[in-house]
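Encoded as structure tokens, the following chain is the form predicted alone, with no partner shown.
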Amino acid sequence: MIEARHLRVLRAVARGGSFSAAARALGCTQPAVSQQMKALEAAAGTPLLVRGPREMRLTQAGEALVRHADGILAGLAAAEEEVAAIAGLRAGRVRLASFPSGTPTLVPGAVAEMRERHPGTEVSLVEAEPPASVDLLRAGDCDITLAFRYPDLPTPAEESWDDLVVRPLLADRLVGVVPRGHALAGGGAPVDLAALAGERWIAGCPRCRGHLVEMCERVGFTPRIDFATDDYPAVTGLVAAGLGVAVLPRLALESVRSRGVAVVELRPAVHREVVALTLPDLAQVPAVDMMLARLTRAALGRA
């Protein structure tokens, strides 16, 4: 195998015309140069130098190798500089995937702080709900995924995160959303979920909809779901119009205008676990590790 250090020695010999001149140029000893050249000729499988009484000259194979050496060494130096820039957070990229209510609440502050401290690092964003967002991570289409799960529900085997690095961010409490003129609005005290048994419901994404049904059935009723949408402004708009009630995470309410609705605490209290996920190898990349730290800081501000 031809190594870069061998090419550097060959180029120095070609420029200086001797082992001693190459040794002076490289700051090493003449025997070291001789040893490197023997190793290079063994790797090449052919002589590279013709040793004369006064000077050395290149063979045809040696000339070909020197001709390519400058480009190879220049490319390697550029690669080393780029890697050093990424390792030192002077360059690099982080590709985020986030669920919709995490995008306007957790992502902006984290990305702004990342850009301020490390302006050479590029950050991109796509939106996706879990488990699709986790699939993006495993497929290599993003570096960090913001996801959530409900601790009170069993996790299907196909949705396990055991192969991922899991960074807990916050416990996002679920609250009831009712029209402002609703009989249960404005009381201040927590409301039993069972008290909403006779209502029409507006549900969210498939995972959230499944969790809603499970919650209600635990307290003795099956919700009548008239509308289903994962657009949170649409949910609050439908509630404000008196078309039903809903259960939303607090993060979702922070990202929408809640005019015309009232928020009630639910009993028993339920929350979803919000996390940042990445692959074990990606967790060692400086830019990814730094973005995980920034997301953690953004979540702490909401604890």
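Owing to the predicted nature of the structure, the values given are computational and were not obtained by experimental measurement. A residue's number is simply how far along the shown sequence it sits, counting from 1. Rigid core: the largest C-alpha set superposing within 1.5 Å between the two forms.
This protein has a second form, the form predicted together with another copy of the chain, left out of what is shown; the following refers to that one.
Checklist entry - Taking 4.5 angstroms as the cut-off for heavy atoms, does Ala183 touch another copy of the chain in the predicted bound form? => result No, Ala183 sits far enough from another copy of the chain in the predicted bound form that none of its heavy atoms falls within 4.5 Å.
Checklist entry - Can you check whether Asp192 is within 4.5 Å of another copy of the chain in the predicted bound form, heavy atom basis? => result Asp192: no, not in contact with another copy of the chain in the predicted bound form.
Item to check | Heavy atom of Arg115 within 4.5 Å of another copy of the chain in the predicted bound form | outcome: Close contact is absent here: in the predicted bound form, Arg115 is far from another copy of the chain, nothing within 4.5 Å, heavy atoms only.
Checklist entry - Going by a heavy atom distance of 4.5 Å, is Ala87 a contact of another copy of the chain in the predicted bound form? => result Residue-level check for Ala87: yes, a contact with another copy of the chain.
Item to check | Which of 138 to 146, 223 to 231, 97 to 105, 174 to 182 lines the interface with another copy of the chain in the predicted bound form (heavy atom within 4.5 Å) | outcome: Selected stretch: 138 to 146.
Checklist entry - Taking another copy of the chain in the predicted bound form as the reference, which of Glu159, Asp152, Glu82, Glu217 has a non-hydrogen atom within 4.5 Å? => result Checked against the cut-off, the match is Glu82.
Item to check | Partner-contacting position among Val263, Ala64, Ala269, Leu243 - heavy atom within 4.5 Å of another copy of the chain in the predicted bound form | outcome: Contact with another copy of the chain in the predicted bound form is made by Ala64 alone.
Checklist entry - If we check another copy of the chain in the predicted bound form, which of the residues in 258 to 293 reach within 4.5 angstroms of it by a non-hydrogen atom? => result Read in sequence order, the residues that approach another copy of the chain (within 4.5 Å, in the predicted bound form) are Leu279, Asp281, Leu282, Gln284, Val285, Pro286.
Checklist entry - Any chance the CA of Leu10 moves 2 angstroms or more between the shown form and the other one, core superposed? => result Comparing the forms between the shown form and the other one, which are aligned on their rigid core, Leu10 does shift its C-alpha by 2 Å or more.
Checklist entry - With the core lined up, does the C-alpha of Val245 move 2 Å or more between the shown form and the other one? => result Result for Val245: no, shift under 2 Å.
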